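Take a look at this single chain in structure tokens; it is the form predicted alone.
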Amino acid sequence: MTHDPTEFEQRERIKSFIHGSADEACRLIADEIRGLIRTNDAAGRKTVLGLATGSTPVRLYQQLIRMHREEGLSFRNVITFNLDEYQGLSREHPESYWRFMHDQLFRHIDLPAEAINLPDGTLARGEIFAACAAYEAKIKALGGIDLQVLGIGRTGHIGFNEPGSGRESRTRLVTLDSLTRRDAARDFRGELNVPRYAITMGVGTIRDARRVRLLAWGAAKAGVVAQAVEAAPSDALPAGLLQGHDDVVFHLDAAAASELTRARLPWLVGPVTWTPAIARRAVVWLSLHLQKPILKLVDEEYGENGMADLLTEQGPAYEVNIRIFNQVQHTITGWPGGKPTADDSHRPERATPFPKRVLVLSPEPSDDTLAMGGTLRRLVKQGHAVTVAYLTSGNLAVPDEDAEMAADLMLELSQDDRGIGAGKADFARSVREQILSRGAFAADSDEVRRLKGLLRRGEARAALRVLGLPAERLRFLDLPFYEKGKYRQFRIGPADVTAVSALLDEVQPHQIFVTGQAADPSSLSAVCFGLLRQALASPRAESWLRDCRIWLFAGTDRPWEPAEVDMAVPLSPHELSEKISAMHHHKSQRGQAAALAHGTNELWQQAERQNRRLAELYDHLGLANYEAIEAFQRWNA
């Protein structure tokens, strides 16, 4: 299919559809697969599908299962080839892609067992080359893949084709990129347990498919999607090597598409309606692009950068500059809960009521401190009734070695001749033995998860103590969906919604701080945000919701730019130092992937860097030069 772009798509080298939701996109692709299967069935041909693993295609597989059960779609004449598999994992390992595909799709449809093809991760090193060649030969003998489903990794990888994979590469053994392994660390209870190698179809194998459909959800994927779609193809970004394929389509939700030029900078590719939000985004972009303060921009610079119509409608530049400068300036406040007895007509938060009941909803312990530790400190010092609620225990994110160390400490205390830890020895000894003796297939026991959860509770209490919040203002909900689930495969239930609703009814907040609105829908933060939305829909919320403002904080994987910010809370050097001190208490979360992806050693370093960067950007726009800034967006329920 030749890509014939519209005016707004003129910079895009790959056809991309932007959908209202991941579910909407998956319904469309499932319809396409159903049509392909039925056309081939009618013609007496087999349908050959290339399938991907990971959280991204799960909603697609759910649609195919629904079609099989409710519409009679049969897979008896379908043959599947999976993209990849970890090397060294048995098929029954919880993280093997063989097991994933059977859990998520194969065992729920009538696909014959002999029609399932996955690379064999159990082969000895010396057998892999021949097996890869046989995999390629089998695909070719069947006439090639009719439709290949893909996701995209944060390095731009497709399958396990990491940066450096060539356009003509074929099925082979590869060494996994360090970022890919870090991203998988939570699934394997620590990076040390993540396999170093995998078997993957090559870029050339993928390009041989007659149709290629790539799926991407969430703001964390936006940057790499834009590069793959708009930048010149390069081995450094394997997904970009799909450019030039006869029938390739990227299916995106709005968050994953947000860095495409037509979404982020539409005035550069076509006429736009100059709403206040787009005008602000354009002027802020022009200021940063030209490295000139907003108030120094001139008419000619607007015209040379696709913004002449803005001046025609709202100009001249001098007037536009002042208006946008004031809008950005009015996002800045040292009173995130509102300043009492002050004129709040140009402040992001209202002055009354004062003090406010403030509820911070953190998906896991540490998310709150990382994103808004300085703001939390301000809210507490300024007299607001702040409640921090940790929706989940966070025990899935604790490496085994931290739990083992905690168990060792408990054992030491139990053996102390002063009896400090008397009565806890059996529990500690049991946990330690379970961690050391369990096999590769075993999930954490309830005892192990309990200890890991207690470890994170202690870290959270210590962190918030630095920020001035007493322990009695913390809530640990330990929601069931998390305790019974695993990352990217969570399923919320009535008990989860009931618990969040009860918390809201108890606090009846004037402010809610939350995250996850633009995250991948399978991520923990998105699941937690969905829970809040369901709870807010309860009739019981109507009595207080009209007087409540909801503020979104961003994750470290995709921070906000100045034009996206509705409330900017500046931090002094001392306040930033306090935030860093608080983050240091989350020792079990040191070196997580979100930080390491950006070349830092710890999550606190990543958060500090982003807070400083936003302050620098505000300075470049011609505003005050602050040490750091935490940012929030207002969300209307």
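Not measured: the values here are computed from a predicted model. One-based numbering along the sequence shown.
The following text describes the form predicted in complex with fructose -6-phosphate, which does not appear among the structures shown.
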{"query": "Any non-hydrogen atom of G159 within 4.5 angstroms of fructose -6-phosphate in the model of the complex", "finding": "yes"}
{"query": "Partner contact for G223 in the model of the complex: fructose -6-phosphate, 4.5 angstroms, heavy atom", "finding": "no"}
{"query": "4.5 Å heavy atom contact, G151 and fructose -6-phosphate in the model of the complex", "finding": "yes"}
{"query": "Contact flag, M372 vs fructose -6-phosphate in the model of the complex, heavy atom cut 4.5 Å", "finding": "no"}
{"query": "Contact stretch among 497 to 505, 430 to 438, 82 to 90, 104 to 112 - heavy atom within 4.5 Å of fructose -6-phosphate in the model of the complex", "finding": "82 to 90"}
{"query": "Of I33, L603, A52, A568, the one that lies within 4.5 Å of fructose -6-phosphate in the model of the complex (heavy atoms)", "finding": "A52"}
{"query": "Single option in Y135, Y97, F490, Y302 placed near fructose -6-phosphate in the model of the complex, where near means a heavy atom within 4.5 Å", "finding": "Y97"}
